[in-house]
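The chain below stands alone, shown as structure tokens; this is the form predicted alone.
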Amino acid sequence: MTVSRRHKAPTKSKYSLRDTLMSYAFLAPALILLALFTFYPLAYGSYLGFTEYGGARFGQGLPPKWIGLDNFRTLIADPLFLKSMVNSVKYLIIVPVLQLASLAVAVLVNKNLPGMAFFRAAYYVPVVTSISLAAVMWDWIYNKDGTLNWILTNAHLIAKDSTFGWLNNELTAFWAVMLVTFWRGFGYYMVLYLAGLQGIPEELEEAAVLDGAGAWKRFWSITVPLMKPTILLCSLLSTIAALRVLEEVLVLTNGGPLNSTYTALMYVYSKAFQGFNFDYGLASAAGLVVAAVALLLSVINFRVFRDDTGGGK
């Protein structure tokens, strides 16, 4: 007996043209805002990096003049820019220290113990503290007659006649500003790690305990592998933040003393907005260099912290 096969008629698309247009209509406001305030500034800023646009040319209302790679040659020959890039790369020291400290504290405050809610909130307070208020507080701490020197002299670590302003000393200013960055970012990454820890199924921990695994073994065998996506996110964010640090430098030292705290983004800011040159072309070129370094470090982060469990594919 021959069985006839029925050919299914081609099904219509699940979504009609009206539904598609309606979807784009809802997306339109967000896309327009992205185009105006993200994509266009990014494209135009990149273009300015290859032009002469500033000083008298900007003041006379003349359009940018294409000069190719001249701005980048100027940057390479500028000792101040090279110094700022070295300082920004040095600032990356904060990344592993900040991540390890944030993860360690997140593990501690993840316990169901009395008072943990208070500590979680307390650690997050610096994140929501304005940089102006933080600058006044830390300037008072680092002052020659400030809190830090008072503690050190009373602990007999330094003599009273040897005190100095920590932000006014070329050897200590950089590390003092970095500590402020650590203080401001610590709570933010702690909260991200805490969210990742609370997403780990309790059954895995309980099964490991039944198998006789200790706390250290459970941390490296269960917590760290399952936290890889969160570790990657925090590492990316902190790396980019370290390269583009500006606020702390601007309000505490303005790049001094002797350019010891002068970072790459401080160079971009000063070329574009300080003085009377308003060299937007050179500032944009410096910004492109910083962006390229950030992109390279992001690729390295993805290579180091990629998720081999299949969850990140």
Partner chain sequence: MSLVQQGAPARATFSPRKNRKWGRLVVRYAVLIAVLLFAVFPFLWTLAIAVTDKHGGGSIYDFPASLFPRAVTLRNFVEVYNQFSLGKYIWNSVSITGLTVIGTLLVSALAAYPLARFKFPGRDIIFAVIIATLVLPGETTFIVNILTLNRLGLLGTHLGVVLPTIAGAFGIFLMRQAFLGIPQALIEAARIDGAKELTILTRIMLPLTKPSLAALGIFTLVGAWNAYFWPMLVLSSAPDKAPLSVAVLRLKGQFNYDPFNIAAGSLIMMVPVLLVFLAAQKLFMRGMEGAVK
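Only the largest set of C-alpha atoms that superpose within 1.5 Å between the two forms is called the rigid core. Given the structure is predicted, the values throughout are model-derived calculations rather than measurements. Numbering follows the first chain given and starts at 1.
There is also a form predicted together with the partner chain; it is not shown, and the following applies to it.
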Since exactly one of 258, 62, 67, 31 fits, which has a heavy atom within 4.5 Å of the partner chain in the predicted bound form?
-> 31
With the partner chain left out of view, choose which of 233, 85, 94, 226 has a non-hydrogen atom within 4.5 angstroms of it in the predicted bound form.
-> 233
Taking heavy atoms and a 4.5 Å cut-off, does residue 159 contact the partner chain in the predicted bound form?
-> no
Residue 222, heavy atom within 4.5 angstroms of the partner chain in the predicted bound form | no
Would you please decide whether residue 138 lies within 4.5 angstroms of the partner chain in the predicted bound form, comparing each non-hydrogen atom pair?
-> yes
Is there a non-hydrogen atom of residue 41 within 4.5 angstroms of a non-hydrogen atom of the partner chain in the predicted bound form?
-> yes
Residues in which of 85-93, 67-75, 108-116, 168-176 have heavy atoms within 4.5 Å of the partner chain in the predicted bound form?
-> 108-116
Within 4.5 Å of the partner chain in the predicted bound form: residues from 129-157 (heavy atom criterion) | 129, 130, 131, 132, 133, 135, 136, 137, 138, 139, 140, 141, 143, 145, 146, 147, 150
Shift of residue 96 between the shown form and the other one at or above 2 Å (CA, core fit) | no
Once the core is aligned, please say if the CA of residue 206 is shifted by at least 2 angstroms between the shown form and the other one.
-> yes
After fitting the core, residue 68 CA displacement of 2 Å or more between the shown form and the other one = no
